[in-house]
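Presented as structure tokens, the chain that follows is alone, the form predicted on its own.
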């Protein structure tokens, strides 16, 4: 793709987000679109958000678990940026009916960094040394691509299908919990709908953060001290709508809950 096409696609995605409309998949429109093209499209979309007053507060890795990869038919991780306008606190109502188009909720472990991580060459030990704490999290992903008909280039271009997220109110030292074996239970409207474990995400959420640091490092982008890093879902995606209430419990880490309006 040429630079003009990349900028136009990024602008399309930004307008689709603002207007809550969907777009035909880029992979159907551009035979030659690469993951690198898609990443530059996402950067344009994020630049538009920042120009409108949003502030980057972190980054995310998505499509890490087999359950999510099979659901979306995307068989490698994606990555994107988090802004302050995506973040909600435990107990706040989340206005998905005003903000999102086709939302799906996923339970995750969030990492809060105290040191920068700049790939390539980042190891799991580096990730743990750079992490201030881990927290339970719900990410509510959304797609500006019609009917979630995405390939890896579509979701990377769409800022890794970022929507909104909520952090729980507990923070734990990552060295005091086994992040590979910790169990997750997700409830929706009082019913258990899914369970998972840390190993569902590339073997461990720590592997995910290392992968993200090394992948973004190849583009000259680092993970920064103070940033929130979402490490990928441990359970299948769950469609949500206004009126739903969801909670997630992660062994050794804590709980997060969110009510959708």
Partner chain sequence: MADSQNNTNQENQVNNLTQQQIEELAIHCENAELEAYEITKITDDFPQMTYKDAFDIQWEARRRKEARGTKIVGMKMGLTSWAKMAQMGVEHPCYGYLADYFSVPEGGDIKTDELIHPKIEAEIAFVTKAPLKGPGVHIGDVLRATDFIVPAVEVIDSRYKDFKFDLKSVIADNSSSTRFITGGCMAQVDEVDLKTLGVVMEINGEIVATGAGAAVLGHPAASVAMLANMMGERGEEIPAGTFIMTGGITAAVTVNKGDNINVRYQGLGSISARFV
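Positions refer to the first chain, counted from 1. All values reported here derive from a predicted model rather than from experimental measurement.
What follows is about the form predicted together with the partner chain, which we do not show.
Think of it this way: in the model of the complex, the partner chain has a heavy atom of just one of 223, 46, 33, 200 within 4.5 Å, and the residue is 200. Of the stretches 49 to 57, 192 to 200, 23 to 31, 212 to 220, only 192 to 200 has residues with a heavy atom within 4.5 Å of the partner chain in the model of the complex.
Though the partner is left out of this view, residue 252 does reach within 4.5 Å of the partner chain in the model of the complex, counting heavy atoms only. Mapping the unseen interface onto this chain, residue 128 falls outside it, with no heavy atom inside 4.5 Å of the partner chain in the model of the complex. In the model of the complex, the partner chain sits beyond 4.5 Å of every heavy atom of residue 89. Contact check for residue 185: a heavy atom falls within 4.5 Å of the partner chain in the model of the complex.
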